[in-house]
Structures are given as structure tokens and as C-alpha cells.
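The data below hold one chain only, encoded as C-alpha cells and taken in the form predicted on its own.
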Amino acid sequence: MTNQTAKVNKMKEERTYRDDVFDVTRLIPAGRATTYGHIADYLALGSARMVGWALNKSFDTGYTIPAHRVVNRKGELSGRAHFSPPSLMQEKLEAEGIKVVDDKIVDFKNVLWIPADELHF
């Protein structure tokens, strides 16, 4: 193995905070939602704000990251401004059967998905 190949392999193995946030977000089932804080707590890597920052980058990846399923602790669609158009976040949630009124998930506790309770790895 050449030094260049070894460097490339090492880079492939290195994970970023963003990778971890994307991986957890991909696990949120359709019809469910979680919070930035629950993802941050599960990963034990920082604040809810950092999860939001990472998800803002999901639009540039070319991968399908269901960022529309992540909301603030009150169930509000606080990230809607990052969708184009901003109504897209609500439209995607409603297409999955989640009711949204005034930019807030109705009966949020019943659709809340908590990674620490659901993931066991």
C-alpha cells in the first residue's frame, strides 16, 4: 500500500459531526419527528444549535437527509426558512401524515421519536 492510498483510506474512515447527525436523521421513521436537542443528546457531541448547523448543510450533499423531520423542542418548524420554498418542510411532514398548524406540529408528543429510546447501538 502506498502512502497516498493509506491517506485516502484514513480519510474515508474519519467521521465528522455532520456524518453522525446525518446518520441519526436518516433513521427517523416517516411519520415521526425529533428535535435538534434529542439528536445532540444522543450523539453527546454538542448542542442543539450544532445539529441545526449540520442539517443546514444537508441540502448541499446530494444525499437524501430527511431534515424536515427535525424540529425545535416545542415542535415548531424552526428550520423551515432553510427549505426552498419555506413551506416545503410542512408539506413533507403532512405528506407523511403529520399535522402542522401555524408552523407547529399538532400533538407533537405522539409523533416524537427519541433516538436514545429507539436506537440501541
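Computed from a predicted structure; not experimentally measured. Note that residue numbering begins at 1 and tracks the sequence as displayed. Definition used throughout: the rigid core is the maximal C-alpha set that superposes within 1.5 Å between two forms.
Beyond what is shown, the protein has a form predicted in complex with the DNA; the following relates to that form.
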Task: Residues Leu45, Ala48 and Ser78 all lining the DNA in the predicted bound form, heavy atom within 4.5 Å - done: yes
- [ ] Decide whether Asn56 counts as a contact residue for the DNA in the predicted bound form under a heavy atom distance cut-off of 4.5 Å.
- [x] yes
Open item on the list: Residue-level question: is Trp113 within 4.5 Å of the DNA in the predicted bound form, judged on heavy atoms?
Closed with: no
Open item on the list: in the predicted bound form, is there a heavy atom of the DNA that lies within 4.5 Å of any heavy atom of His82, even though the partner is absent here?
Closed with: yes
Task: Arg73: touches the DNA in the predicted bound form, heavy atom cutoff 4.5 angstroms - done: yes
Task: Large Cα move at Thr61 between this form and the one not shown, threshold 2 Å, rigid core - done: yes
